[in-house]
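In structure tokens, one chain follows: the form predicted on its own.
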């Protein structure tokens, strides 16, 4: 068994649908990651390839930003994810959730799997890593224990301006008296199941609330889901070959990676159909690796 989680922690995740306060990085590693992200905001504020930097932070940033790809490959995170999903792991998405101090931005009650096109699966988990103090005051996540056992429930789209979700999607009725806060110190992470009800409040603290959400999946997810989709193999192997395997970025905003980013974004937005794309990745490195900038 991988050493990332204890048997008690695994049982708690299976019972509750979430797990909190797991150490991912030490304080020095957290500081370096945060500094790198904020340097990107200063130096690349205009983005690249016709996309804003914020879009890369929120959609598939691991395809064009080496830092986000490297965070998703951290051994401490993968060891814990392996304890939950098994030895064969792919990254489907890496996202940054940033709430500025005093921001009214929120995330409504929802289930992650609602609009992802993966169907109803147990072979996915989100690792949410805190790169700042993610306290209750700062708008940490809240979870409804055991809600992942209820199956998929109806959501409705609000398109609310203060909601960080793409459609402002939310579950109509949630008993918030059952909610458990998932406060995290810098460098800690939580895990939650794709069916677990979760939400987060505004950042009322004096510092930015910075979190990295990494969506891990197994090769088996694509066995039942319609169409094809893209993911980056980070541990083990994808013998099922249901995913179109993508490589990490060559360097920051490499032109070839930006082209692949656009193709993947287009395909995912169109809800990929079976047989529409070749099995060969559109995002393979050349055999001769390029030096990172």
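Only a predicted model underlies this, so the values are computations on that prediction, with no experimental measurement involved. Numbering follows the first chain given and starts at 1.
Missing here is the form predicted together with a small molecule; even so, the following discussion is about that form.
Against the small molecule in the model of the complex, the set 25, 62 and 72 makes no contact: no member has a heavy atom within 4.5 Å. Among residues of the shown chain, residue 128 is one whose heavy atoms approach the small molecule to within 4.5 Å in the model of the complex. Not displayed here, the small molecule is kept clear of residue 77 by more than 4.5 Å at the level of heavy atoms in the model of the complex.
Contact check for residue 222: no non-hydrogen atom falls within 4.5 Å of the small molecule in the model of the complex. In the model of the complex, the small molecule sits within 4.5 Å of a heavy atom of residue 97. A heavy atom within 4.5 Å of the small molecule in the model of the complex is found for one listed residue only; from 112, 82, 188, 170, this is 112. Among the residues 204, 174, 213, 179, the one placing a heavy atom within 4.5 Å of the small molecule in the model of the complex is 213. The partner is not drawn, yet in the model of the complex one stretch among 84-92, 179-187, 194-202, 144-152 has residues with heavy atoms inside 4.5 Å of the small molecule: 194-202.
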